[in-house]
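Given next, in structure tokens, is a single chain: the form predicted on its own.
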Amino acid sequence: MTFEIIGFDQVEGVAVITLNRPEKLNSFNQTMAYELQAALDHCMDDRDVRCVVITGAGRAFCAGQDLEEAIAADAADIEEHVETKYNPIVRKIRAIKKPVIAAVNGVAAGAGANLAYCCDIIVAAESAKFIQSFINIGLIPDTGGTYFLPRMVGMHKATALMMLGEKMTAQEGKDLGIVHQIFPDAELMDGVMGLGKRMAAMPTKGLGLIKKAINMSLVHDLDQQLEVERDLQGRAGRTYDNAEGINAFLEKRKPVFKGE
């Protein structure tokens, strides 16, 4: 696939989506938001894609909304802007039945930080920074920030991060359980591609069902979630990869999963 702004590459089952406005710190304009939506739709539908990586070009992951574009727009259109540009991205990332990894290569601010937070796994360069910068211009976090961040770090820490707008380093993010792994800056893409290829070779349907179960756990009580686990386990148990995993175990060999 080719796009005007974002980069898209596909290697050994891993789709790499690169936000590519480095001169603007990969801040979102309308074109980039719609292209990211289209790339995620492609990843959803393409059976050859078994893992998705989202990263940024240059020294930033994503600095949030392009304020020059926002200033040119009517303030009355903010709701429509959020609903058509950002909300679909969050919904697509959570709905895609494959793992989505955020490779945060630099600053992730505002909607950029929350884009990372709605992914399944976050890895970061040593120099990465996360900031809920909305309050600095009198706005509230969007792009799912008020949903995901409190569930990651607890209500009071999330409130402090959002109200104070202070920068959080990659190491602080790892200490809080947000960041899974930190790499030296020059090794980030090699590291995330190693993780991506590993996950692309795993039982894709099983990974998708884990993601579905996690999504549903956010709104269920224990009894409801136990029913979800029962039903999804039944679906997992009828996959090719489940049978392959059992046979490989019994035959004392490495399984070859097909994502089916």
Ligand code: LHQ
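One-based numbering along the sequence shown. All values reported here derive from a predicted model rather than from experimental measurement.
Another form exists, predicted in complex with the ligand; not displayed. Remarks below refer to it.
- When the ligand is considered in the predicted complex, only one residue from 137, 186, 164, 155 comes within 4.5 Å through any heavy atom, namely 137.
- The partner is absent here; in the predicted complex, the one residue of 128, 116, 109, 123 having a heavy atom within 4.5 Å of the ligand is 109.
- Residues within 4.5 angstroms of the ligand in the predicted complex, judged by any non-hydrogen atom, belong to 77 to 85 and to none of the other stretches in 177 to 185, 156 to 164, 77 to 85, 92 to 100.
- Among residues of the shown chain, residue 204 is not one whose heavy atoms approach the ligand to within 4.5 Å in the predicted complex.
- Contact annotation for residue 17: none of its heavy atoms lies within 4.5 Å of the ligand in the predicted complex.
- In the predicted complex, the ligand sits within 4.5 Å of a heavy atom belonging to residue 64.
- In the predicted complex, the ligand lies farther than 4.5 Å from every heavy atom of residue 12.
- Contacts of stretch 23 to 39 with the ligand in the predicted complex, defined by any heavy atom lying within 4.5 Å, are made by 23, 24, 25, 27, listed in sequence order.
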